[in-house]
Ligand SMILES: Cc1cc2nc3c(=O)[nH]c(=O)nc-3n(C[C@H](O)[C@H](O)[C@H](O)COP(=O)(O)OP(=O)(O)OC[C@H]3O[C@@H](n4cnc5c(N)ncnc54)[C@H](O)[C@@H]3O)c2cc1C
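The data below hold one chain only, encoded as structure tokens and taken in the form predicted on its own.
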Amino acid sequence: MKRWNGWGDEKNNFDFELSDSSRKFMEGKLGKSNALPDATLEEVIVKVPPSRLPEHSLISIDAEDRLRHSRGQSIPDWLAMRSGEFGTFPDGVGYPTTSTEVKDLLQFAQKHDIVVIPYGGGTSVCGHITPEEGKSPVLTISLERMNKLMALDKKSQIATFGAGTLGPDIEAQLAAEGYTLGHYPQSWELSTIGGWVASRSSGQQSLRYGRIEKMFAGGVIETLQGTMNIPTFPASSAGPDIREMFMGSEGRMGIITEVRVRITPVAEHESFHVVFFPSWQSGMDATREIVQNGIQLSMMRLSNPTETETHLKLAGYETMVGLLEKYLSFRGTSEGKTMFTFGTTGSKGQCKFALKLTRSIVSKYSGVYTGPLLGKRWEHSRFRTPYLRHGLWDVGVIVDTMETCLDWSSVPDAVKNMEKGIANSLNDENETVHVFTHLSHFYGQGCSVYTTYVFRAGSDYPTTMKRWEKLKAAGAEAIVSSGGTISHQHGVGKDHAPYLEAEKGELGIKAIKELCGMFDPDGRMNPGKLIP
């Protein structure tokens, strides 16, 4: 069962416990910190009010069910769960198993003036699934029981899944037939294919497989106005793409119930490798050249010097890291170095050639190739980074991220602006913020900029929340002023909605509102999300 107040499953042991050296490193960056007190599940359950929903066979009004479907994984969500101050709870949780049952629940909601929130894996980091206080009862519709491979067209390489299918279940069911989807967001363990479409998700190996919009071929969406069944075409020039209307719609127009995706055969070979460049600039120049030359890598990630230092300090392999540092110093790469992680996926011949071409560019920019050992460690722990939040929380430290995507010409200044804005946003409290960045999801035109910031919890929950609000605003404003998208892969939800108009423009926002209003004239589908 998923943790009710954090990331992951209660049965796993992936909690990131800080080593003594890691703790000292963070203390050296931020100063001493104290953990905030955690509420217990029992303390919170008694706060869940009686349900306002009429009885329905598909709906649970159990207090714990409602609590566990109240929040996602944003910092406001996290603080609400840890403090026990949830505010508003859904009045019930629906558990449909078919599109027909989703339709039934939507008709029920319309009849009884009920607000509806679609729920996939609950991994949102932008406030997508948080219920708002209001006069109408709130029904969260969980798609967790719609989790099967429904059809597989091997000749066309199209697979159909229930929208509630989790990442591991997708890959396991496809692997049994010799295929893969290849979509690996950081939340892969816990997020769903329907959620990926609804939030325009991007996976770690998007350089090979593409973002979710490349994979999404069609599907079924249940709306308050009826059922949308989007057929699959390899391509079409017949007017605007209906698929695009629902991608990134975040539950405002309907509930995605079936997802048809383009799949590929499992690759013959896959490996990950690590290079260290002597500087941030040389790393950016090299990675831009690699992607603009169309070298067939499956993923690329370039950490700036501060992130490189932080990852090596928190890695937990002190002896190995010590030897690595000595070797890199001997090769002339020490202070200011940047770590570049990349993957090769495909036939053995393709991978061998891609590695050769990549290493030739790496050498041109004085990069030090360290082989696949560190790449294997990255692969082993690629989905464990979110668990770091647990280890830091236990010592009174909060971690969060901002991400955007920009043209190459804007990237260097955007990184500086984002890091500077976030780092200085708590100066009025004499608080230090540890900030670092990596580039990922590379394109010929530009790349994603992913900035992480770490700060001390306040003396209480309200103070901590105010600190986060200042940090989030500083990062978002820096993104907008730099001309970046407010979100490359996390969606909009509630937290990014105030900044959407800067990206879409007044007319664009009006068009989105009109589209949502056509499908949902009463505004009962996930209100308060996406549209500012």
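All residue numbers refer to positions in the sequence shown, first residue = 1. Since the structure is predicted, the reported quantities are computational estimates derived from the model, not experimental observations.
Keep in mind that the form predicted together with the ligand is not shown, yet the notes after this line are about it.
Proximity to the ligand in the predicted bound form holds for none of 282, 337 and 437, with the criterion being a heavy atom within 4.5 Å. Only one of 121, 92, 131, 182 lies close to the ligand in the predicted bound form, with a heavy atom inside 4.5 Å, and it is 121.
The contact residue chosen from 219, 96, 251, 343 relative to the ligand in the predicted bound form is 251, the criterion being a non-hydrogen atom within 4.5 angstroms. The ligand in the predicted bound form is not approached by residue 421, whose heavy atoms all lie more than 4.5 angstroms from it. Using a 4.5 angstroms limit between non-hydrogen atoms, residue 464 is distant from the ligand in the predicted bound form. The shortest heavy atom separation between residue 139 and the ligand in the predicted bound form exceeds 4.5 Å.
When the ligand is considered in the predicted bound form, residue 451 lies well away from it, no heavy atom lying within 4.5 Å. Across the options 268 to 276, 192 to 200, 83 to 91, 390 to 398, residues that bring heavy atoms within 4.5 Å of the ligand in the predicted bound form belong to 192 to 200. With contact defined as any non-hydrogen atom lying within 4.5 angstroms of the ligand in the predicted bound form, the contacting residues in 255 to 285 are 255, 256, given in sequence order.
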